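Heads up, the chain below is alone and in the form predicted on its own; it's given as structure tokens.
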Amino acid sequence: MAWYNTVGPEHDVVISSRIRLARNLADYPFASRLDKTAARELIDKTAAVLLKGETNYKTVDFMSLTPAEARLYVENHSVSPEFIESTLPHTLVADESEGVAIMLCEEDHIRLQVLRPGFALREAYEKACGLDDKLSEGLELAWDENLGYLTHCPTNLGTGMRASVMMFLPALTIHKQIGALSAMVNKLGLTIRGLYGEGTEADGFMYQISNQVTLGITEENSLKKLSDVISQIITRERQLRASMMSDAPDRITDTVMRSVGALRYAHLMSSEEFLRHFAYVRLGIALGLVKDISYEQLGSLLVEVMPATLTLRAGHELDSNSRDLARAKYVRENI
């Protein structure tokens, strides 16, 4: 169940939902103080617990990957950019069919992530809780009666949970309302980030909205607050889309169809250009203007034409021009 090529609830506005839990083992120092021997021991111990009774899980030792192979996992949102830069042993335990990706030895010993397509926070949360229970039963996790789960970064103390939703907000962006939205959600203890998380741009009108507060609040309250805000944003985005079609139907139709043409016929295409056209074609599908391209087709391209994925498909390093040629060709063949 890949988040990018499967539709879920409210998929015209919500691309995916994610629950991430930060956990550490009580009998080891934080990852920044681990040596390679201890890191490997920690990975083996934790992986053994996670894999017990599982048949679909795979482990990926990132010390054995090439840079392009590692970057592939960032492009499909299985791991963080920081994870692939680690000089310590670091391993991914994953089950793509369940949207489960567990980083061992990132900033924390365990970064447990569950991704679901569409607006499915509750479903992702329940799966994450089951995995968290498994860890708690098999390992001694770092926990304090007053502070909750102990984490490397103080901003994750308490529940150690980050719930986030990746939203597709072209109308709010075009109407220049993202700044006001960001200010509003910040007051509620939430934050807006770009496509690949903290410090990244909102390419393709895609934004991650997540909770900031983890201390002094329950997981249930965090989920409810985020869910309520997401529901309001969905309503507002749809209202603005309807207004755009009412006020200037020819203009928005022209923009959408130009992007359809670019995806179908371009000879060269950069990542930035692809994301721009991706966004307008996705909007066109939502508005009923594009009927012969599906969300699933378009979503697959979101990962398949990124730089590392193109390089691995080619089987050798590609320069910028070669990547743009390969990207345009792949898009043409799949649109």
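Remember, it's a predicted structure, so these values are computed and weren't measured experimentally. For every residue, the number given is its place in the sequence shown, counted from 1.
There is another form of this protein, the form predicted together with another copy of the chain, and it is not shown here; the text below is about that form.
Among residues of the shown chain, M257 is one whose heavy atoms approach another copy of the chain to within 4.5 Å in the predicted bound form. Contact between M269 and another copy of the chain in the predicted bound form is found at the 4.5 Å heavy atom cutoff. For the chain shown alone, E304 is not a contact residue for another copy of the chain in the predicted bound form, no non-hydrogen atom being within 4.5 angstroms. Among heavy atoms of R251, some come within 4.5 Å of another copy of the chain in the predicted bound form.
When you look in the predicted bound form, the only residue of P81, G189, P154, G261 with a non-hydrogen atom within 4.5 Å of another copy of the chain is G261. Contact with another copy of the chain in the predicted bound form, defined as any heavy atom within 4.5 Å, is confined among 304-312, 49-57, 269-277, 34-42 to 269-277. Not one of I285, Y295 and N334 comes within 4.5 Å of another copy of the chain in the predicted bound form, counting any heavy atom. With contact defined as any non-hydrogen atom lying within 4.5 angstroms of another copy of the chain in the predicted bound form, the contacting residues in 321-335 are N321, L325, given in sequence order.
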